[in-house]
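As structure tokens, one chain now follows by itself in the form predicted on its own.
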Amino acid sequence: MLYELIQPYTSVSTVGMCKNAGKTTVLNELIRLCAEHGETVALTSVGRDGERSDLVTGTKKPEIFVYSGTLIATAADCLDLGDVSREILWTSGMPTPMGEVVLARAWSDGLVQLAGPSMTAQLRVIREKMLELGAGRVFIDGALSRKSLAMPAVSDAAILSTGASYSRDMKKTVNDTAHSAALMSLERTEREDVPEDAEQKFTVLCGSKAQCFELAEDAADALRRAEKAAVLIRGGVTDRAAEAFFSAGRALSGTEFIAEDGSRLLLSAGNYEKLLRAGSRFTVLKTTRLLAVTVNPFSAYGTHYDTDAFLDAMRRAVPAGVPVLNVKTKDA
């Protein structure tokens, strides 16, 4: 099922709710499946991945296994930490704490460590270069708390991984993961009057009228005086902004909040739900495709979940149409 999900997309990000969420296991399975289908894949990472043990918990981690022909964009110092023979094809000039990001081709099967660029613009350059050099599909391994790099500026689609390492409380893990999945699944706005060059953070749209504000409090004041308005928000949408908009009271009913993409919604689940209950809704300018949520019931801290209970609870909680998989079982 996992291979069928990624088939339509040339670039896919894997992103975790926490460390030890099973993201590397998912990446290895994607690499294996593509190899079975004769595909040349390319890999890079936001931050570092593939090390033998977790640098925080000290627990053993799955390593990244690649096949001959795979393209790898990683920091120069990481090349010697793997065991593949390789050829450097391109040097990027992009610095990292472990050296310049270089693009290499593996000429043997084996293990690699990844430490790629951390900026969206750099990842786009890396992705396009990999495709230019013959990759059929690019996998971008996301870093902790960097869900923004799973968004449309970087990749066509994303897979979200979650697991028992997130919290001892399974209900909290399920609820927070479902919240992230909902934000990553928001639909594109249907409004045609959204300005492309809004210079200020908040733009209140009402009929043919557009008012721009730098402060959420001022935008909320304008919203109170408007009818059936929409609010375009550039940059991050935070809890502080949400709390300012609560003052609009009844004017929130029917209000459409438009974010640049789902990664910009930095709202807590509580404030997001409060705005929805007030009658507002959220849309985005750019959509991504959340292909699946994967679950890992085992915790690096020893507080494991019941495998079936976790899978069932997550399937009930995530948005309709988003598959929930355990890649260690045959349903993936």
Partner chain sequence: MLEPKQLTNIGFDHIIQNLQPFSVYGDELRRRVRPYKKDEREKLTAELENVKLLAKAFERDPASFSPLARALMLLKDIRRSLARSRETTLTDIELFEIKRFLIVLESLAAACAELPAARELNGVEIFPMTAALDIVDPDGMRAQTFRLPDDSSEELARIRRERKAADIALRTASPDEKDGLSAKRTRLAALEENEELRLRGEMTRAFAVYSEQLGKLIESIARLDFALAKARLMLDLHGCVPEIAEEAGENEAKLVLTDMVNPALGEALREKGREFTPVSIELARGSTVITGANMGGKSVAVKTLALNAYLAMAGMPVFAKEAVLPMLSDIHLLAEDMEDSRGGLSSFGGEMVRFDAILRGCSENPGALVLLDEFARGTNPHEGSALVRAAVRYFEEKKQAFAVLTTHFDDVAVLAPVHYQVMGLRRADESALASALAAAEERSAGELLSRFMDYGLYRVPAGVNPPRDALRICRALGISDGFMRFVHE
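Note that this is a predicted model, so its numbers are computed, not measured. Residue numbers count along the first chain shown, from 1.
Beyond the structure shown, there is the form predicted together with the partner chain, which is absent from this document and is the topic of what follows.
**Student:** So in the model of the complex, is the partner chain close enough to Tyr301 to count as touching (4.5 Å, heavy atoms)?
**Tutor:** Tyr301: no, not in contact with the partner chain in the model of the complex.
**Student:** Is Gly110 close enough to the partner chain in the model of the complex to count, meaning some heavy atom within 4.5 Å?
**Tutor:** Yes, Gly110 lies within 4.5 Å of the partner chain in the model of the complex.
**Student:** Is there a heavy atom of Phe65 lying 4.5 Å or less from a heavy atom of the partner chain in the model of the complex?
**Tutor:** Close contact exists here: in the model of the complex, Phe65 approaches the partner chain to within 4.5 Å, heavy atoms only.
**Student:** Answer yes if any heavy atom of Ser118 is within 4.5 Å of a heavy atom of the partner chain in the model of the complex; otherwise answer no.
**Tutor:** Close contact is absent here: in the model of the complex, Ser118 is far from the partner chain, nothing within 4.5 Å, heavy atoms only.
**Student:** Quick one: of Leu215, Cys212, Leu89, Ala153, which gets a non-hydrogen atom within 4.5 angstroms of the partner chain in the model of the complex?
**Tutor:** For this set of options, the contacting one is Leu89.
**Student:** Of Ser85, Gln200, Asn175, Thr238, which residue is found within 4.5 angstroms of the partner chain in the model of the complex when only non-hydrogen atoms are counted?
**Tutor:** The option sitting close enough to the partner is Ser85.
**Student:** Could you tell me if all three of Ala76, Gly93 and Val102 have a heavy atom no more than 4.5 Å from the partner chain in the model of the complex?
**Tutor:** Checked in the model of the complex: all three residues contact the partner chain.
**Student:** Among 183-191, 102-110, 224-232, 157-165, mark the stretch whose residues have heavy atoms within 4.5 Å of the partner chain in the model of the complex.
**Tutor:** So the stretch in question is 102-110.
**Student:** Taking the partner chain as it sits in the model of the complex, which residues of 157-189 have a non-hydrogen atom within 4.5 Å of it? Please list them.
**Tutor:** Residues within 4.5 Å: none.
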